[in-house]
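In structure tokens, the next block holds one chain alone, the form predicted on its own.
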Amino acid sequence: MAKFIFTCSNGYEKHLSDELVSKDFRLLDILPGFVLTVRDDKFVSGVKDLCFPHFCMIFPQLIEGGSVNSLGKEIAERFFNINRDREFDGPWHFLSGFDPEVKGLGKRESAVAEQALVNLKRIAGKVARLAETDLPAQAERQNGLFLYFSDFGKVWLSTEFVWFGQRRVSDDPAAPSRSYLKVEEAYRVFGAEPESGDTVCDLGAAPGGWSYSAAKRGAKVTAVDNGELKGGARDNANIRRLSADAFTFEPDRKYDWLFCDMVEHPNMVTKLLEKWIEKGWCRNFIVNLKFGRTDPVELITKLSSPQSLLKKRCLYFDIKHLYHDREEITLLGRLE
């Protein structure tokens, strides 16, 4: 059996734990934003299919110490010894996280991480100079260094980890709603976004956060909603608003992108998405499902089943709980 630590958005540990249990993990400890588990290490190859984790630490080790200097020294030495025979010929990622409910732990995290780099420079200067503290360009398995601070004197260290692609994005003053942040983040997980000249249909568009996001990139947007658009989406030259019901609207063309972020039961939205797929009305989609009182793990299991239309028809399909998602999950798909 091998240990794994999964991190998630604070407050969603129960959903993450339930998802892990459904994948035959055994839970060892649950903290805010953190779940420690064990399972057969063969799972590593399929880890990216999970929805709620933001990071997975593979084979983590616990380091305990009383001071910033002692922790930083131990981290640097542990990292160097694990990688003693590894050839560093390019940048590697040095990332960290912490329990958000422990007051002042963020400052401790920054200080220890900085001290670890100082010590690593003494041991292996060339390796330390190649360290990057920014998130990777793509969600993937990494060989680098990930630290998770569960308390002032407890740091979990892993030199192999998986990043699932979630990240905080910057707001735009012209964006008419907070939902703008979700679709901006979704592009980064997807690895694609609407481009100039692309066609986008945004179902249930009002007040227009997703429509505005596509329009600012030069895409031509059809915003379908009986409600009015606001902010940068209102009177936007790249947005054509249609006063219509999203569930009965039928397009007269094939769109490059389908957007949908409506406060409706997830089964209703899923059926609407399946209709668009069966009719061949879109090439790519980003769809948000509000799970509310619905069991999200059951929903994810159903959607990701090999028998699911989404799995059968999509060349690429993923389900993620984004950094900017709340009681919702985001479906990402490419049909051709």
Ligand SMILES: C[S@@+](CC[C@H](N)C(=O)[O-])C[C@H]1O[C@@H](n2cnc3c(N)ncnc32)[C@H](O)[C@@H]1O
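Quick caveat, the model's predicted, so the values are computed rather than measured. Note that residue numbering begins at 1 and tracks the sequence as displayed.
The following text describes the form predicted in complex with this ligand, which does not appear among the structures shown.
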Task: Contact residue in the predicted complex, from V200, A205, V155, A116 (heavy atom within 4.5 Å of this ligand) - done: A205
TODO: Taking 4.5 Å between heavy atoms as the contact cutoff, choose which of F164, F146, F98, Y180 touches this ligand in the predicted complex.
DONE: Y180
Open item on the list: Although the partner isn't part of this model, could you tell me whether D225 comes within 4.5 Å of this ligand in the predicted complex, counting any heavy atom of the residue?
Closed with: yes
- [ ] Examine G209 and determine whether its closest non-hydrogen atom to this ligand in the predicted complex is within 4.5 angstroms.
- [x] yes
Open item on the list: Residue-level question: is D261 within 4.5 Å of this ligand in the predicted complex, judged on heavy atoms?
Closed with: yes
Open item on the list: Residue-level question: is D245 within 4.5 Å of this ligand in the predicted complex, judged on heavy atoms?
Closed with: yes
Task: Candidate stretches 191-199, 90-98, 217-225, 124-132 - the one whose heavy atoms come within 4.5 Å of this ligand in the predicted complex - done: 217-225
